[in-house]
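The chain below stands alone, shown as structure tokens; this is the form predicted alone.
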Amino acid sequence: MTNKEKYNEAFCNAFEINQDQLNGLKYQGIKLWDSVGHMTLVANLEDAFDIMMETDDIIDFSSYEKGMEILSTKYDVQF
């Protein structure tokens, strides 16, 4: 499984959505991406990539695209 597939799977599992809903997805843009859903997503990503995200990065993680930027620049996850 590629890193992009792992990333997409973390989102789909956390928010019970299909991959076609991912592009442009933003925090609180759907019902399940609230504060609890956000932490579920973070836990899924930390497990998928064997990382521990810093608090500032969790707070800055505001969209599907921003998440890829954070993971690639700060945690060496290549997409």
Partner chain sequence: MCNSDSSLTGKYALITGCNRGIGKSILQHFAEKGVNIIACIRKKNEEFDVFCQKQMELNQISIHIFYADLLEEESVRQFVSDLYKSKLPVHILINNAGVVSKGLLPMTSMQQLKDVFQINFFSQVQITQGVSKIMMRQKCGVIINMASIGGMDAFPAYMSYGCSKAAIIYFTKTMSQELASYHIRVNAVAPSMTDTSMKEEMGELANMEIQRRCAIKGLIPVNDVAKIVLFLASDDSSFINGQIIRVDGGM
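Note that the structure is a prediction, hence the values are computed from the model and not measured. Positions refer to the first chain, counted from 1.
FYI, the form predicted in complex with its partner chain isn't displayed, but the following is about it.
S.K.: Would you please decide whether Met39 lies within 4.5 angstroms of its partner chain in the predicted complex, comparing each non-hydrogen atom pair?
M.R.: Close contact exists here: in the predicted complex, Met39 approaches its partner chain to within 4.5 Å, heavy atoms only.
S.K.: Report whether the minimum heavy atom distance between Asn18 and its partner chain in the predicted complex is within 4.5 Å.
M.R.: Asn18: no contact with its partner chain in the predicted complex.
S.K.: Using the partner position in the predicted complex, report whether Ala43 sits within 4.5 Å of its partner chain, counting heavy atoms only.
M.R.: Ala43: yes, in contact with its partner chain in the predicted complex.
S.K.: Applying a 4.5 Å heavy atom distance criterion, does Asn23 contact its partner chain in the predicted complex?
M.R.: So Asn23 does not count as contacting its partner chain.
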